[in-house]
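The chain below stands alone and is given as structure tokens, in the form predicted on its own.
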Amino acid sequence: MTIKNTILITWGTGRLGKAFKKILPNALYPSRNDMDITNTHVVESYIKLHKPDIVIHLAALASIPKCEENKTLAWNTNVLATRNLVKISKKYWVKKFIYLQSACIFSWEDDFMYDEDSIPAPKHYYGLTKLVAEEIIKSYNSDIFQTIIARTNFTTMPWEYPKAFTDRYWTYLFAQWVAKGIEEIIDSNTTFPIIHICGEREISMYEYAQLWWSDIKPMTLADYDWPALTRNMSLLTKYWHTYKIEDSNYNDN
């Protein structure tokens, strides 16, 4: 990164956080104990103390089943905590707020591929909470406080499950390409409020998992009945460039 900024990355201690640490080693990576995003006073104290120039908001309750089972927790984590974080960030003169957004805000009813200008229509509660949070963040955008919605679909390796869908497709990326994309967005000084960070081609979960684990077993959406899952979650971008998954040289260490 060419510009010297103090960067705060929420919940940067997970696997995606590891990818960010490789390219942004000097950023602030508070653990959940250090900065519980659902605690307004803790968040305000942390931001007031560290005075970040840029906030990259990764934190979310991202499990679709858990969001369905505990909607109060999902709303508090994905919506209310995000609202408080962006409000406090603007209060303490953060220059740029980047929100990592899920492709789950779209309905994916057909084989249509969605770009930055497509209309969201989430099918489950997780997608709804993420969409509400996105709208809140967009409402704070101004000349002195830039907000960017970085929509993506990614996963980390190694693959955590014994099976993978052969008929569910995404423009998958590894975590390090998401981190690299956000770094490039910061360096570019783009003014686009929404950017899709996505792979250059569609790939099934099964094909993706087999890149690194040949013993993965195939399954189809017919083998899974709750909660509702989408068949194709492939993104397009009108305002950015795509990334080639085969060039990622993945390393999760």
Ligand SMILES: NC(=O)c1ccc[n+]([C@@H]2O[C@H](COP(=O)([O-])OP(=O)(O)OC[C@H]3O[C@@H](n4cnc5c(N)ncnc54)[C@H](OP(=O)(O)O)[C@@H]3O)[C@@H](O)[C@H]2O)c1
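In this text, residue numbers run from 1 along the sequence as written. Because the structure is predicted, anything quoted here is derived from the model rather than measured. Heads up, when I say rigid core I mean the largest set of C-alphas that superpose within 1.5 Å between the two forms.
Absent from the display: the form predicted together with this ligand. The rest refers to it.
**Student:** Select, from the options 202 to 210, 186 to 194, 28 to 36, 44 to 52, the stretch whose residues sit within 4.5 angstroms of this ligand in the model of the complex by heavy atom distance.
**Tutor:** The contacting stretch is 28 to 36.
**Student:** Sort through I216, M219, I64, L58 and report the residue having a heavy atom within 4.5 Å of this ligand in the model of the complex.
**Tutor:** Exactly one residue meets the criterion: L58.
**Student:** S107, T77, N141, S118: which sits within 4.5 Å of this ligand in the model of the complex by any heavy atom?
**Tutor:** Of the listed residues, the single hit is T77.
**Student:** Look up in the model of the complex whether I137 has a non-hydrogen atom within 4.5 angstroms of this ligand, and give yes or no.
**Tutor:** Although this ligand is absent here, I137 would stay clear of it in the model of the complex, with no heavy atoms inside 4.5 Å.
**Student:** Taking this ligand as it sits in the model of the complex, is W177 in contact with it (heavy atom to heavy atom, 4.5 Å or less)?
**Tutor:** No, W177 is distant from the partner.
**Student:** Test of understanding: in the model of the complex, would Y126 fall inside 4.5 Å of this ligand by heavy atoms?
**Tutor:** Close contact exists here: in the model of the complex, Y126 approaches this ligand to within 4.5 Å, heavy atoms only.
**Student:** Might S102 be said to contact this ligand in the model of the complex, defining contact as any heavy atom within 4.5 Å?
**Tutor:** Flag for S102 set to yes.
**Student:** Does K238 shift between this form and the one not shown by 2 angstroms or more at the C-alpha, the core having been superposed?
**Tutor:** No; K238 is a residue whose C-alpha shifts by less than 2 Å between this form and the one not shown when the cores are overlaid.
**Student:** Just to spell it out: taking the C-alpha atom of G12 and the C-alpha atom of W240, is that distance smaller or larger in the model of the complex than in the structure shown here, given it changes by 3 Å or more?
**Tutor:** Their C-alpha distance grows by at least 3 Å in the model of the complex.
**Student:** Do G12 and Q176 move together or apart in the model of the complex, judged by C-alpha distance changing 3 Å or more?
**Tutor:** Note: Cα gap between G12 and Q176 widens in the model of the complex.
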